[in-house]
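The chain below stands alone, shown as structure tokens; this is the form predicted alone.
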């Protein structure tokens, strides 16, 4: 499928033409010296090669993005001004529209709103892989109205992720973490067939532990998905933690840490306690599994890595991925943030800009935004 996505290369010269580029600049911001500034500009910088290519062909380029969740109305907290300020520093000639999600028509996939976005433009480029699993107006409508193409990053993301499913170098080890087991079950059902081992960490691992009949204390638990976890465990491909780090239920945890020392539990966690990270034995055997891999896909942290007391499991996985000789693909905002925090973001083979989109592509093999490009009447 990746080869069927239309490319900007077919357009040639764009002298005097106006191009709208859908990007995913949903970046973190924080107040610095009284001004809101982007604190991680990875997503902005990833679009620069496309902007440069279009400008070199003579095009006038405007970008559009969502930012936060303003729920279809103007919300001063989600104005794109911090993004616009950083983009101007990087490429002053690029214009950035106001937040797409200020209009209810964006998430409703309203054709009228979509048409208003593309009005006056000659071409459209989707470079927002991280938003292409959403059937939103800015993704779906422009390809029906003007010549449209996939940006190079979007093409690269799709090709890289689908190659994991079609022809991975083996052993292929997937590492899946995060809090909610329901968010990852779909992709895990694919991975247990495609991968040689699926390592499970994060809050979702405790539902798997409960499915084995183990005590998990007050840890995260989703009773509605236990039987699906049982079925996945029965494949023999899924490996779950054998120990954990945690605290008493109700003890504070978070980015600023807390007064209580982390406790280490074995396979069972007593009532009144909660697991918040994989334990040292699990870190070792996960790292050993990764070391023997030739392909690694990692999506999701192993615990509450923002708290320094529960950072060790995620860091162990990150460093094992980097140290391995495997082709390594890392996706998901938290996994990428963890890599960045350890200074390892440049040490892996590929960093995906889309968390949910990555998982949905692996699970389903296609995305709404990709279909919109392939089915454009201008192809």
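Numbering follows the first chain given and starts at 1. The model shown is predicted, which means the values in this text are computed figures rather than measured ones.
A second form of this protein, the form predicted together with a small molecule, is not displayed here; the remarks below concern that form.
Please identify, from 71 to 79, 225 to 233, 297 to 305, 282 to 290, the stretch that has a heavy atom within 4.5 Å of the small molecule in the model of the complex. Selected range: 297 to 305.
The small molecule isn't shown here, but in the model of the complex which of 131, 276, 117, 94 has a heavy atom within 4.5 Å of it? None of the other options qualify; the answer is 276.
Among the candidates 187, 251, 179, 140, the residue which, in the model of the complex, approaches the small molecule to within 4.5 Å (heavy atoms): Contact residue from the list: 179.
Using a 4.5 Å heavy atom cut-off, state whether residue 203 contacts the small molecule in the model of the complex. The answer is yes: residue 203 has a heavy atom within 4.5 Å of the small molecule.
In the model of the complex, does residue 41 come within 4.5 Å of the small molecule, counting heavy atoms only? No, no contact at 4.5 Å.
How about residue 263 - does it come within 4.5 Å of the small molecule in the model of the complex, if we only consider non-hydrogen atoms? Heavy-atom contact with the small molecule at 4.5 Å: absent for residue 263.
Just to confirm, residue 334 within 4.5 Å of the small molecule in the model of the complex by heavy atoms? Taking the distances in the model of the complex, the answer for residue 334 is yes, it comes within 4.5 Å of the small molecule.
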